[in-house]
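Just the one chain here, laid out as structure tokens, in the form predicted on its own.
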Amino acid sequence: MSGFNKVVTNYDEALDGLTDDMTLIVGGFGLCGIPEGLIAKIKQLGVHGLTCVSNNAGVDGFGLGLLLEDKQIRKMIASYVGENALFEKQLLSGELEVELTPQGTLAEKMRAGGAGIPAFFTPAGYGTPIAEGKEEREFNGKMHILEESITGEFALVKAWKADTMGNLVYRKTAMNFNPMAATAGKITVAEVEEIVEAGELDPNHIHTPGIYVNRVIKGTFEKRIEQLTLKK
């Protein structure tokens, strides 16, 4: 990786600088659009005390669920956590700190963090335990609470295509949280299915500009289906 070429050839280089007690912003929704290889490498590295910000924590044995096995995650900031038996066990035992956040608020926390906005008002969560201890203000006759934005030392995202300069294109619903997550990391690493030369992507089709991306690695993906229902 040199100059404007952001391509790295191995996961050690992709995650260089990742240490204990960091905050990770991770794209994905369920198991759709998750950076599978990067997460697996974090498990191998054995870093601990992580705060992970993601829609959810994968499932038992896959995605961020891998990091729960060795208790590498200290805190999860998420909007949905219903697919992990191990997650539930660690939460109830007090081993895992969990901050539940409304889904739209979580997305805006990432987006605002990437835009340099420190906080914003939202009606979501007003009058619930989520609002406890937060500033409240009325706008146009409706009550809102103040939510702080969020950033992390690393952001890990999954994209369909990238060029060598880090411009990203997502595919269909695999876009989900990835564009917001990509803006919120001091170091953003994109794991992608295909890398093309700079200039080959149609500028009108780029979802995340390369200015937000520090490293790009070509991965291989299982693309596991979270829940499969078959017609009889």
Partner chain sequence: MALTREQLAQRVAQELRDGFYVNLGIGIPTLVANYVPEGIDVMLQSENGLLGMGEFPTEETVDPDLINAGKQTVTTVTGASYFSSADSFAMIRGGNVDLTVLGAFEVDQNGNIASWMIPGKLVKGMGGAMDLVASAQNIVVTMTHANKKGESKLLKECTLPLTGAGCIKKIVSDLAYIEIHDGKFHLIERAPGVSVEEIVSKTAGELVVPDNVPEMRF
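Note that the structure is a prediction, hence the values are computed from the model and not measured. Positions refer to the first chain, counted from 1.
The form predicted together with its partner chain exists for this protein as well; it is not shown, and the discussion that follows is about that form.
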Problem - Partner contact for residue 56 in the predicted complex: its partner chain, 4.5 angstroms, heavy atom - result: yes
Handout entry: its partner chain contact at residue 136 in the predicted complex, heavy atom, 4.5 Å
Key = no
Handout entry: Contact label in the predicted complex: residue 218 to its partner chain, heavy atom within 4.5 Å
Key = no
Problem - Proximity of residue 94 to its partner chain in the predicted complex, heavy atoms at 4.5 Å - result: no
Practice task
Report yes if all three of 124, 128 and 179 come within 4.5 Å of its partner chain in the predicted complex by some heavy atom, otherwise no.
Solution key: yes
Exercise for the section: Specify the contacting stretch among 196 to 204, 179 to 187, 46 to 54, 66 to 74, defined as having any heavy atom within 4.5 Å of its partner chain in the predicted complex. Expected result: 179 to 187
Completion exercise
Those residues of 209 to 232 with a non-hydrogen atom no more than 4.5 Å from its partner chain in the predicted complex are 223, 225, 226, 227, 228, 229, 230, 231
